[in-house]
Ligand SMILES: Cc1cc2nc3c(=O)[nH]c(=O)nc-3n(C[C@H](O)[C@H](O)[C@H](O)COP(=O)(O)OP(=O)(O)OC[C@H]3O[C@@H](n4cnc5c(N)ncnc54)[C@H](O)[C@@H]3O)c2cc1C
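Take a look at this single chain, the form predicted alone, given in structure tokens.
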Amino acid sequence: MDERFDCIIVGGGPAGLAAAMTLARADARFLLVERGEWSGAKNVSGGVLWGRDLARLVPNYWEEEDAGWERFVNHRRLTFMDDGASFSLDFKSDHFNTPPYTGLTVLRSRFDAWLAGKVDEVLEESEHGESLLATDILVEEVIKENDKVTGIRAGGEEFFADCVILAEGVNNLLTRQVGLQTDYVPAEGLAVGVKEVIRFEESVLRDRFQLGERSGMSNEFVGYASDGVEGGGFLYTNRDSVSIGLVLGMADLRKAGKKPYDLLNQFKTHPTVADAIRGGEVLEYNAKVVSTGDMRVMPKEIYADGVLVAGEAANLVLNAGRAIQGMDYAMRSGILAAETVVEAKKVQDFSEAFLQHYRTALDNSYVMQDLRGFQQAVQVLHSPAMFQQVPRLVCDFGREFFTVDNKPTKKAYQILRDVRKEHIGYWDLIKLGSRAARAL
């Protein structure tokens, strides 16, 4: 095998595997290096993969009997909570039922391994057979020659390529090594995600959440979920389990002196959540650092001579209220990075000047358009009023509106007026509503 590759990919998650599949289909020679025992070995939980990019990578994936996804999402729910009540906005539609699906719940350990297998299938069918996925290898260093990235050092050996794609995840040590990320990312732009996977009998899960054979639900929670700490909760239905957890602002969590797992346990005792997970068996627990969507924590650039940065290594995550998006951004950025490598190979130009086409492609994609367009939403939705006063106001309104108690019944506007006075000033509510309307 030629020791020099067209591209080396560091990381076997959605970004790295999307890049690998794109390169494999273009007959480019690549080496993907993953530090886990297999792709997905480091990921014990999951979430929702939004969008249709999976169908670009694996056409007709939904026809496979044992594909790597859990359920398609046709039921969306947003729940406001105080300490004893919840008020939900609920939407379910059969227009989500037709493949390729726009939302899939996945368990990363299973999904990543399956997608890596699909990459291997493409490589086996290739005429070249000079590419491979290498697991259980830790990349220790990026090699640079004359300020150009030329390869990696791993396990005491050196591997060289025309270009390196860094898809190493949020702990982007290599991205920092090549000088594209500052040494310290402000805690205000980061969050701590804590998750559990809770197993049920599949029939119990379908009945409890009113699911079809493969349909599923995503539920985001605001308010009591985070006990006054910046952030919120989520619950996603898998094939025979649910993924449940919290995303908590790191700076606010530290200021409050609270532990993520304690808050998760408290969240699970809320009547709404306790009813949903009753009788389930906890299989897995995971905690990790994630970005909030604040662009100020992104690397100063995502390309340089001989190197591109994709996925969470570039802090491409957005939690702007409508959904928690990260895997879809990772997948699209991996595809675009690989396509840039393919074009660079055609002209044999892997310089910074040419690789900036990756930045242009990402800027023109929905990823950066959403990140730029929803920056105000990130600020509004992570403000104290949105996870403290507003959920309490909404739940108090629900208590009054839905209570029938042989007394004169107030009009809805009277109830809203009375409960608003208990939680937030009139003009403060007007300003918050106006900001939220413009931001979302």
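Just count from 1 along the sequence shown to find any residue number. Note that the structure is a prediction, hence the values are computed from the model and not measured.
Form predicted together with the named molecule: not shown, discussed below.
Student: According to a 4.5 angstroms non-hydrogen atom cut-off, is Asp294 in contact with the named molecule in the predicted complex?
Tutor: Asp294: no, not in contact with the named molecule in the predicted complex.
Student: Although the partner isn't part of this model, could you tell me whether Ile137 comes within 4.5 Å of the named molecule in the predicted complex, counting any heavy atom of the residue?
Tutor: Yes, contact at 4.5 Å.
Student: Is Val10 one of the residues lying within 4.5 Å of the named molecule in the predicted complex, judged by heavy atom distances?
Tutor: Yes.
Student: Would Ala19 show up as a contact with the named molecule in the predicted complex if we use heavy atoms at 4.5 Å?
Tutor: Ala19: no contact with the named molecule in the predicted complex.
Student: Taking 4.5 Å between heavy atoms as the contact cutoff, choose which of Arg71, Arg108, His270, Arg332 touches the named molecule in the predicted complex.
Tutor: Looking at Arg71, Arg108, His270, Arg332 one by one, just Arg108 meets the 4.5 Å heavy-atom criterion.
Student: Counting any non-hydrogen atom inside 4.5 Å, which residue from Val290, Ala251, Leu78, Val122 sits next to the named molecule in the predicted complex?
Tutor: Of the listed residues, the single hit is Val290.
Student: With the partner left out here, if you bring back the named molecule in the predicted complex, are Leu54, Tyr101 and Leu264 all within 4.5 Å of it by some heavy atom?
Tutor: Judged in the predicted complex, none of Leu54, Tyr101 and Leu264 sits within 4.5 Å of the named molecule.
Student: Which among 27-35, 54-62, 374-382, 407-415 is in contact with the named molecule in the predicted complex, heavy atoms within 4.5 angstroms?
Tutor: Every other range fails; the passing one is 27-35.
Student: Using a 4.5 Å heavy atom cutoff, which residues in 239-256 contact the named molecule in the predicted complex? It's fine if the answer is none.
Tutor: Only a single residue, Val247, comes within 4.5 Å of the partner.
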